[in-house]
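Only one chain is included here, represented as C-alpha cells and corresponding to the form predicted alone.
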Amino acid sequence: MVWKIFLFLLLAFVSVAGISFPIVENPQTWYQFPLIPGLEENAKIIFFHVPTAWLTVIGFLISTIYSIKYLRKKNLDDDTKSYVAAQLGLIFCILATVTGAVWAKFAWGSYWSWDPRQTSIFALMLIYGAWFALRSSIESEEKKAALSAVYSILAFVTVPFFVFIMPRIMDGLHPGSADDKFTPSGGPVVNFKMNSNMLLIFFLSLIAFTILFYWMWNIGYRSLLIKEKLNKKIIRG
C-alpha cells in the first residue's frame, strides 16, 4: 500500500510540474524550465510522450522475454504474462502516437505528416495488431501460445529498428532526426539540452510511468488468472 501512495504522489507531482512549471529564456529558480529553440512550450509534452514511447519498448521486450520462456518450458503462465505485456505495449504505443500527433499539430501545423518517427511507430502498431489478430484466430491454447511466442520474438526484432534506428538515419521533422548539416530538411532540434530541474522531472516521470506499468501488468496478469479459474468452474459446474 505504501508504494501505491508513493506512486500516486509521484505521478501527481510529475503531472503538476510538467504542466504548470513555466518555460523561460533564462531560468532563475528551481521551478523554471529553459527555453528550447524550436519547441518552446511544446517541450513540456516530453514528460508524457517519451515515457509512453519508453513503455512501448518495455512492454514488447517483456512480452518477448516471456515468449522465449514459454518456448523453453511450455508453461502457459509465461504465455499469459507475455500476452498482458504485449497488451500494455500496444496501449502505450497508441498513447505515444496520440501525444506525438498533438505535439506535431502545434510544432509542425499538422497532426500527421508521415515523418519517419510517425511512420515507424504506426508500423509497430500494425505489426502487434496482427499479433492479437493471430491469437484470436486460434482456439487451441497450446498452439496459440506457441505461434504467439514465435511471432512475438520475430516482431520484436523490428522494434529497435523502428524506434531507435530508422528515425535517426532519415531526415525528418522530429527532434533527433538525421543531422541537418547533411539533410537540410532535418528536424528543427537535433541536440537540445535540459537543465538539471527539467532532467529531474523527466527522470521522475520515467520512473513513475515504469512503476505504473508494472502495477498494470501485475493486475492484468492476476485478472486473467481469475478469469481462467472462473471459466473452469463454469465448465465443471
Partner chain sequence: MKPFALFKKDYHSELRTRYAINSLAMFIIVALSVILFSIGNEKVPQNLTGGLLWVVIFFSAMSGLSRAFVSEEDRGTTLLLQLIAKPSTIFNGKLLFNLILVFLMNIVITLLYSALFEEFIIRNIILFLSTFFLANIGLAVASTIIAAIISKAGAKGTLYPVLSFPILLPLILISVMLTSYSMLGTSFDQALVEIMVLVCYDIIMLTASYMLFDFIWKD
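Positions refer to the first chain, counted from 1. No experiment lies behind these values; they were computed from the predicted model shown.
From this point on, the text means the form predicted together with the partner chain, which you will not see here.
This chain appears without its partner; in the model of the complex, the one residue of 76, 101, 71, 95 with a heavy atom within 4.5 Å of the partner chain is 71. With the partner omitted from this view, the residue of 113, 158, 80, 87 that lies near the partner chain in the model of the complex is 158 [heavy atom within 4.5 Å].
At the 4.5 Å threshold, heavy atoms of residue 169 reach the partner chain in the model of the complex. Heavy atoms of residue 151 reach within 4.5 Å of the partner chain in the model of the complex, making it an interface residue.
Within this chain, residue 138 lines the site of the partner chain in the model of the complex, having a heavy atom no more than 4.5 Å away. By the criterion of a heavy atom within 4.5 Å, residue 162 is counted among the residues contacting the partner chain in the model of the complex. Taken together, the three residues 4, 5 and 17 lack any non-hydrogen atom within 4.5 angstroms of the partner chain in the model of the complex.
Residues of 116-137 lying near the partner chain in the model of the complex, listed in sequence order, are 119, 123, 126, 127, 130, 133, 134, 137, the criterion being any heavy atom within 4.5 Å.
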